[in-house]
Structure formats: structure tokens, C-alpha cells
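In the block that follows, a single chain appears as C-alpha cells, in the form predicted on its own.
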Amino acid sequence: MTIYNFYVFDRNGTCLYYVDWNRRKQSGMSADEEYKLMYGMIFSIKSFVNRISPTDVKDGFMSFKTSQYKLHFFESLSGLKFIMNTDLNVGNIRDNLKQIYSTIYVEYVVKNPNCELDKQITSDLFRTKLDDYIKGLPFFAAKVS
């Protein structure tokens, strides 16, 4: 099992943070184009799920799976979107995404007077704490063959 990459978007669709660990294939487009494509897809899927669901959706869209990867999604009450792509064998990691939000993002971005909210995250402390947390997860594989 492995983790490929991770995104944080603000409520307006700006990518605040991106990192990859085991990404084997590049998209062939600029980073900004990829971020717009990812945010647009998430926006569309959320809208589709909320409109088509036969009942009220409490948590809404949480993940989807293709033949190659699984995308996991968590949205905070303030509209921040946390997206992680993993291999297909990783189960539900919603709690891990919530933990990243509450214990890493809030502690090392929101409470950091040097970080501006709704601006790209450049904090080395945030980057280090996130990397340590991700690499400590049981489904993180250091190298993918």
C-alpha cells in the first residue's frame, strides 16, 4: 500500500499546498493546470453526489476509486479541502485527513503568526510535521516498484 500525493485547497479553489511521495507518472501539464483540474473535478463530484443522492448526505463525497488509484477527500467546516491519492488497497482514511487538518494544519498554519491564511503554505514546520505523520502511517510505502 502507498500514498501518491496530497493537496490542500482553500474554499476558492486555490491550491495552498501540494506534495508527492510515490507518484510514478506526471500529468504532462503545468502544476497550476493540474490544480485547477483537480479542484474542478472535486467541485463537480461534490455537486453531483449532493444532487443525485436519494437521501440527505451527511458527510457527502468522501472518496472514489479508479482502476489505478483511490482519491480520498475531507472538507473542513471553513471550506478547506484535503485530498490524498493512494493505491487501491488503502481503506477509508477520512479520520487521517481530519487529523492532518486538526493537529497539523491548525497547529502549524492557523496558529502560526508567520503564516497567512488563504495563502500558499510555505512553513517548513508544517511540511516536516506532515511528512513525519504521512511516513508514520501503516499504509505508507517508502518506494513503489
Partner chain sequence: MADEVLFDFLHMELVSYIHQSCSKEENSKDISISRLESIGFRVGQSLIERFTKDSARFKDELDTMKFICKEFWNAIYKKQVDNLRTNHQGVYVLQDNRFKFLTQISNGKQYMESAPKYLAFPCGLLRGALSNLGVNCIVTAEVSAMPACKFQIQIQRA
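A quick note: this is a predicted structure, and the numbers were derived from the prediction, not measured. Positions refer to the first chain, counted from 1.
Although not depicted, the form predicted together with the partner chain is the subject of the following passage.
Picking from 107-115, 90-98, 76-84, 36-44 the stretch near the partner chain in the predicted bound form, with a 4.5 Å limit on heavy atoms, gives 107-115. For Thr14, no non-hydrogen atom is located within 4.5 Å of the partner chain in the predicted bound form, even though that partner is not displayed. For the chain shown alone, Thr122 is a contact residue for the partner chain in the predicted bound form, at least one non-hydrogen atom being within 4.5 angstroms.
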